[in-house]
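We begin with a single chain expressed as structure tokens, specifically the form predicted alone.
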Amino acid sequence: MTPFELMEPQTLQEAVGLLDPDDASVRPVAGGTALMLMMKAGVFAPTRLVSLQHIGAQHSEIGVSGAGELRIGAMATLSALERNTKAAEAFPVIARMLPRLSNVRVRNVACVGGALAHGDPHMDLPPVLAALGAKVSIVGPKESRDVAVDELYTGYYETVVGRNELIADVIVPAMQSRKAAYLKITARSADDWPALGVAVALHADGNTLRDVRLVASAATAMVMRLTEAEKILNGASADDATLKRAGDAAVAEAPIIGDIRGSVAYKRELLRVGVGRAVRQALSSRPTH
């Protein structure tokens, strides 16, 4: 392994100051579960790593406000989020998703901010947060900005986060009477990378769907809203014909990619069927108040 400089700042702003917007070999590292694998494989050779482990305990905090809003510090581990009873009660879809997100060894180390900033379309957390309407707070050298999670990704392993910026917090709006589900289809074990991920959040007025947010991942090059399918679902009854039309619309609008977990044709069929299954799962879930 090529030698590199390891910096250990004590504050978030100090960490931002150690990043270089013009040098891709300078990277922040939180849990390091993905970055270390890239380094071992020889696909990334850093000149400097900026460790975020000592930037302050407040960046690992998880809290639910009285109004039901969830705030997650970017340095909170996936296991900490999984074990947080208030978050699980307010957002059961997150609690259901996390135990199948990789294995417990990874969840004990991997951080929420890194899971979002890495840009890997196979991650389970980003599509769920995107469907829930979450946003991230991004801190740069001069200012902070909020970005919706569904607008965070620009391509395969690409995000809008600059090389001298860091995700500080994730804010998830209250569920209120919404229902949500995440459908994960794997080709191997339950905690493996998905061949397809479909997340949905919606309001149900009887059997009529409203305010539907439908998000696909893993079968696509990045987390993406399925807006054409959403148009079909919104205001419609969740019957077989409507769900089939929504599945067909999703396949027509989503640029599917093939990989070792499935061909393009295979993943298209997964998405076609998966949209309806995810909506049905959401409808059968209990609403939070």
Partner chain sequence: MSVARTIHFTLNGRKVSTEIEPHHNLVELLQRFDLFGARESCGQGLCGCCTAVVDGQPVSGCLYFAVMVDGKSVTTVEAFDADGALSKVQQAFIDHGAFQCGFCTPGFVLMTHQLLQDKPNPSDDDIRDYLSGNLCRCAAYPEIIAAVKAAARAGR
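Just so we're clear, the structure is a prediction, and the values are computed from it rather than from any experiment. Numbering follows the first chain given and starts at 1.
There is another form of this protein, the form predicted together with its partner chain, and it is not shown here; the text below is about that form.
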Discussion item. With a cut-off of 4.5 Å between heavy atoms, is T33 one of the residues that contacts its partner chain in the predicted complex?
Written reply: yes
Item to complete: Although its partner chain is absent from this view, report whether T242 comes within 4.5 Å of it in the predicted complex, heavy atoms only.
Response: no
Practice prompt. Would you check, heavy atoms only and a 4.5 Å threshold, whether P92 touches its partner chain in the predicted complex?
Written response: no
Item to complete: Give a yes or no for D191: in the predicted complex, does one of its heavy atoms lie within 4.5 Å of a heavy atom belonging to its partner chain?
Response: yes
Item to complete: Name the stretch, out of 33 to 41, 218 to 226, 66 to 74, 247 to 255, where some heavy atom lies within 4.5 Å of its partner chain in the predicted complex.
Response: 33 to 41
Discussion item. Can you work out which of T154, N108, T208, T186 has a heavy atom no more than 4.5 Å from its partner chain in the predicted complex?
Written reply: N108
Worksheet entry | Stretch 67 to 93: residues contacting its partner chain in the predicted complex, 4.5 Å heavy atom cut-off | S79, R83
